[in-house]
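For this one, two forms of the same chain are given in structure tokens, first as structure 1 and then as structure 2.
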Structure 1
């Protein structure tokens, strides 16, 4: 199947590569000509402008926008809406706010254009591991795009089946779901990222306690000089708190247990704030997620070892660099 990709950064470029490896075709565009040239060398068709991009796609077209949330995505979707024709589909795979998706879908519908939002998790590891996807859009369009999603998803792999799921949508076991109408995909991904904040904060605080178990404030007989890297490693193996985040933590600590390469300045990309706004609108208590977000704010004033670990985890799964 053919897909057009706009935005060839850490995730967009690797999404194209994963599709090409499975026999799909791709038309690619980016403001950086070198990024386009790199994928052309790997089998994609390059475009020199958005107009050229749309012209090179076969109808009914499918154009995936993989750009930062905000003005650049808004402008690109609007321009595509002017260039594309009835029956075409615009996909936003970035981290847009779900209410923006609902508005865009409504704006594009009178033109006969379809809009699909894909909450995409997998970061810099997605090329090899696959991407977990939470998809919003009308059923017919999402079904038409299924060959794309099936290739991008991790697949069933070696994860044991969950008992009691017989007869339910098998796509969830393969690593992707049709969550609902436009906006539903990014809503689910938003909450996913809010939970991620809480999980990361719990690991970071726990390891901070372990790191300071030899504090001079403790009675001498109650001090422990612990090997933090070994603790992370043993917890990966059979522990109830094992996870991919813990894998990344163990990797960071194996390289430098003191995390001297990190300042502890922990950024947030917006989804945590949006998750809390949704919780407020729904009158749902979110104590842990709130505390995790506020801890990131606090890290920008007085960083701790826990903050360094948070920053290391963000770099591990998403390639996020600390602000200079």
Structure 2
């Protein structure tokens, strides 16, 4: 079927490519005409403006927005809402906050416009590996878009079937789900990212402990010089901690075990934060997910005010003068 795509960055471009390869058609638009031209060369129909984009789509239109979450997505959805017609669907495949989805769906409904939010995981590997998708929206619209999702999803592949799932929704095994009404897709994707942070931090702390196994803080005769890269590799087979993140870790450590190319500065995106906000709103304890986010905050500070205050108190009660 036909899909319109707005935003032809790494994610949006590759989603179109994966669709074209499977026989779908696409109308594409981006602020950058070169990005449009590149996909036109691969078989897509290019648009010169949002108006042109909407015009070139067949009704009922399906327009996928793949832009940075926040003001840019918000503005684009609003403009599409003005241009499109009853029966059309706007799909937000970016990383929007789920409460924004709920609001947008409610705003568009009176015009007869449908709104579908798709939490999309897969990153730079999606073109090859497929995209894991968590979808929110009304059932009729999500069902109408199924050919798109089916193509984008990884499919069952060689991963063994989960015993006991006979008779349950087969889409989950193919790598996409209809999670619920508008907002549910991004909610599930948000928690996915929250978990991702926690998993990453668990590995990071463990490898940090391994790396420091030869610390002079340890008693003599109880230190080890460990081969961190080999440890990451060995855990990929038969261990309890095997995972895709571990595969990537093993790859990074195969290159440079000391990771000297990295500064130690770690960014975070909104989902990790929103996951904690959700946990707090639900009264669910989330020590691990919180600690994972805070470690990233801390990674970006040189000398924190909190730490200075500790030193000030220590000086106050004990006369301790911290070294500089």
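Numbering follows the first chain given and starts at 1. Because the structure is a prediction, the values reported are computed rather than measured. Basically, rigid core = biggest C-alpha set you can superpose within 1.5 Å across the two forms.
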Label of the structure corresponding to the form predicted on its own: 1
Threshold 2 Å Cα movement between the two structures at residue 315, rigid core reference: yes
Rigid-core frame, C-alpha of residue 306, shift of 2 angstroms or more between the two structures: yes
